[in-house]
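Below, in structure tokens: the form predicted on its own, a single chain.
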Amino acid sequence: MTDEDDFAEDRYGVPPMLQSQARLDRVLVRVQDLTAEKAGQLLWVRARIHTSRAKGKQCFLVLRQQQFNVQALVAVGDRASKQMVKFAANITKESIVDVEGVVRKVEQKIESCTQQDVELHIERIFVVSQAEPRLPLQLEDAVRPEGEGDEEGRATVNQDTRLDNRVIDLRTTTSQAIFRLQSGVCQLFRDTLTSKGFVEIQTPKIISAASEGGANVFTVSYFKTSAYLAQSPQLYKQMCICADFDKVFCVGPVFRAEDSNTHRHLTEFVGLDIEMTFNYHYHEVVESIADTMVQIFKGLRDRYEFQTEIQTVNKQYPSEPFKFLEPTLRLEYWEAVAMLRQAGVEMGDEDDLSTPNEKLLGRLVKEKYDTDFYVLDKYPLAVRPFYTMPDPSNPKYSNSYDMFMRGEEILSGAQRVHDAELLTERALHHNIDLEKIKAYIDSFRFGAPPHAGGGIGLERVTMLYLGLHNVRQTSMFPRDPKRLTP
């Protein structure tokens, strides 16, 4: 047979670029739906070429679609010519193809694929979008567990290479799982608060004065003057409380111009913010926020789709399952200081917790109470922002709290000062220019209900729930002092 006699030439190839020329009534089946029930069916699938290996008169392909993949086979026979097998073998990895094939049950489970009971016998294959032959990183290297690469001399992919080529890194099963779980955190946050009677609000990110006071703000030019990027929606969520919205939350970007190159700091992150009125005691709010977190943890633990994502991430980054109590453990600051002193830490009653001490405290709490999540209440007033309500019985302390996951802070909150005179006094005590926060203070002059709230970092919650070690893994396109792209 000469090369001209290609009986299958119309069954494969690279068609013209898809420019919406026609709308086919062809049904494309999802890779995850290729199961033994479909055995014997001829169907179309669109997927990426994950790997391919040619062996004599046949070519094995692994076709991938998001976090699912299936083995496929092109073999010389009455449907495929040897030219077609050669064409299939030469399609570059990561190219997108449309294939038509018959689903066949396999004798032996295909351990390396998510669809273990079937393979696809290809009868037609067309390239929809071709990948360049040289990939900046190999997906199988990018999902290799950390220790494994070193032992066997195989490559692993470092963080900068991943982030520089984030589009490819995000295709890995681990990345797909992380960001589907993160989407779940947002959804559970919204659903829980909506069911508790909260209203979702949107707040401006370009503001006239630094929202937290202090220097770590980004300045942007604003026509003939300058403005700032919001460090938190603090002012606006409190204004909504003064405007009788009672319980509000918002999900949006927060900007911090801190030159911190740590595993847990970003210059832009997603804030999950809560503010609500209370009747008589700010603990009403603490319990409401803690219960919201518990509902998120339970949703992640109990819903099947998140279980799969957690297992996927664990394959590459093993960690202990996340533990929490109901009701949530609440410790007071003096108790934490006592626990740390007992463990040999030297610190004053009113010293703030350093990061290493937060981590140590997390371990001590886990040993004593067997929980990864707890609330630390009654922080010293000196280490909290000016709008924090002082403790009524001990002026050294305050009605403020942090929440921790695996020994790292994920939420900071407090009862707010809702009286304009006391707020002015506290601002002066912190050397804040009253002119700059006039609008803020004025919003409390016309009757303001007692209220409290807090702000949560979405990326940190995702990182700590999964037991990951760097917040850049849970930020889709992270921003830190050294990274502005992609």
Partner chain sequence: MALMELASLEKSLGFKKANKYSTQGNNKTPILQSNKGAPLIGLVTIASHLVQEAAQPELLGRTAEQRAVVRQWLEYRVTQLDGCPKEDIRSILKELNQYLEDKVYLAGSDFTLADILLYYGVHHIMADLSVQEKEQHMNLSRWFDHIQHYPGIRQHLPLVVVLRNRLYTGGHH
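Numbering follows the first chain given and starts at 1. Please read these numbers as outputs of a predicted model, since none were measured by experiment.
Omitted from view is the form predicted together with its partner chain, to which the following refers.
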Problem - its partner chain: the contacting residue among Lys396, Arg363, Arg154, Lys315 in the predicted bound form [heavy atom, 4.5 Å] - result: Arg363
Completion exercise
None of Asp98, Glu408, Asp141, Glu284 but one has a heavy atom within 4.5 Å of its partner chain in the predicted bound form; the exception is Glu408
Practice task
Work out which of the listed stretches, 87-95, 400-408, 243-251, 220-228, brings a heavy atom within 4.5 angstroms of its partner chain in the predicted bound form.
Solution key: 400-408
Handout entry: 4.5 Å heavy atom contact, Gln342 to its partner chain in the predicted bound form
Key = yes
Handout entry: Partner proximity in the predicted bound form: Arg11 to its partner chain, non-hydrogen atom cutoff 4.5 Å
Key = no
Exercise for the section: Tell me, yes or no, whether Val471 is in contact with its partner chain in the predicted bound form, where a contact means a heavy atom of each within 4.5 Å. Expected result: no
Problem - 4.5 angstroms heavy atom contact with its partner chain in the predicted bound form for Asp302 - result: no
Handout entry: Residues within 4.5 Å of its partner chain in the predicted bound form, restricted to 248-285 and counted by heavy atom
Key = none
